[in-house]
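Starting off, we have a lone chain in the form predicted alone, written out as structure tokens.
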Amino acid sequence: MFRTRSFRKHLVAALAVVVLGVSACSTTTGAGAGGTGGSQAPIANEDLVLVASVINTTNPYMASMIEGAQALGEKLGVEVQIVDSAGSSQTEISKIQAILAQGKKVALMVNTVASSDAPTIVNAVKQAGGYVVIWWNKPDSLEPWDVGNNFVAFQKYSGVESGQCTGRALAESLGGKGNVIGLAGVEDSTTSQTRVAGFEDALKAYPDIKLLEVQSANWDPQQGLSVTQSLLTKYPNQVNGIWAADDAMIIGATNAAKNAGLYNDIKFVSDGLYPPVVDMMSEPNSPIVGETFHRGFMAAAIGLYTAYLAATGEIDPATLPEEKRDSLFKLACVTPTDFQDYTKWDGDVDAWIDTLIENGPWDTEPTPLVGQGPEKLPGT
């Protein structure tokens, strides 16, 4: 019988996960093929390690990614290793390279720290005969079918759609009038760039909303706190709304507003619907007025399962349509009146993993495949 997990219960535990050591030797076939085609023999479970690489473990979304990877590994009976990049591209790449050198073949899901990290990671995995799915960030010019089967897929939710959704919610909550600030993620991140672009595009319909400034807070709650404190000081008694590219930063922003005695005077919107934000949205007259729904455990499990299917020979990436290799998954706009419709999956991650394995990575609710990337910025 499978063990039921709780997303909230295991959030703190997931934050403590570090890279696990592996000493087993591989008996599988050699490195991945060059060019855009090529194939290698299917890899047995005992010769395979699932690897999930996350940007940090202070962000609740990353903790959720870790939980999803571990839950999938348990279901498949395959060892899982976690890479904590600690917000550093160098750390991310060196840890992944170390795992590739350990002996077993690798099926990797990586949430790259920066878009520019993707080519180095893809090439390293290809040379080692592993399989990689990248989530969220890569250069638009780097397409899986140009690399070969070892770069199985790139997957994400629409950043433009996210920014537009939350931008509209913020403007409407202010009655179309006021001053707002924004918190972006890592600057070299296509996810952050597209979310900011969507946010700024949404505000064009509200000429009486003034965007005072957007600053990077690097997907980190502490930086979200410090950047917001700085902006509230820079624009005293002027900030009516705060937008953030993800909930880790909005958690920091709300704490900054509380410290300044402004929590109930400012409207907040963000992306991700993390458990702490769910708690704030549950408050009467909550100042959290808009969110988007997607889940780290879903993203990580979808990515890892896609890489696993390629590694074990259950899918041939070369035969997949392009939308299954550069993919956009379904995103939902969420308000304080309907957020509880979306959080029901958090209480039983294992059951959702069962549906993923049954239906496959592209057809599992509430986040099926809905489109093909790369995303186009508004106006282009």
Partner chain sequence: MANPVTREPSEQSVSTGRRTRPHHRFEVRSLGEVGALAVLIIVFFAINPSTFLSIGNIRTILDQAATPLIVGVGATLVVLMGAIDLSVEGVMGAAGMAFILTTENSRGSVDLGPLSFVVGIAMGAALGVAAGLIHTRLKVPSFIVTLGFWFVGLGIATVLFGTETIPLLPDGGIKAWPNETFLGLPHSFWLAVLVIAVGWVVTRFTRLGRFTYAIGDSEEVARSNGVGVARTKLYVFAVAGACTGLAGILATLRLGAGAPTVGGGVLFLTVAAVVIGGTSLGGGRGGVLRTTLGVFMLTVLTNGLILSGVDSSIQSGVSGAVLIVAIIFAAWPHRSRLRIVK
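Positions refer to the first chain, counted from 1. Heads up, when I say rigid core I mean the largest set of C-alphas that superpose within 1.5 Å between the two forms. Keep in mind that this is a model prediction, so the values were computed, not measured.
Same protein, other form: the form predicted together with the partner chain, not shown, and the subject of what follows.
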Can you work out which of S88, N179, N123, Q215 has a heavy atom no more than 4.5 Å from the partner chain in the predicted bound form?
Q215
Going by heavy atom distances of 4.5 angstroms or less, which of Q127, S116, S286, S226 would be at the interface with the partner chain in the predicted bound form?
S226
Residue-level contact is defined here as any heavy atom of the residue lying within 4.5 Å of the partner chain in the predicted bound form; does T58 satisfy this criterion?
yes
Check P236 for me: does it contact the partner chain in the predicted bound form (non-hydrogen atoms, 4.5 angstroms)?
yes
Does G252 reach the partner chain in the predicted bound form if we count a contact as any heavy atom within 4.5 Å?
yes
4.5 Å heavy atom contact, D265 to the partner chain in the predicted bound form:
no
Can you say which of 106-114, 228-236, 287-295, 303-311 gets within 4.5 Å of the partner chain in the predicted bound form, counting heavy atoms only?
228-236
Across 281-313, the residues having a non-hydrogen atom within 4.5 Å of the partner chain in the predicted bound form turn out to be none
How about G130 - superposed on the rigid core, does its CA move between the shown form and the other one by 2 Å or more?
no
Determine, after fitting the two forms on their core, whether Q102 shows a C-alpha shift of 2 Å or more between the shown form and the other one.
no
Against the rigid core, is the Cα displacement of A300 between the shown form and the other one at least 2 Å?
no
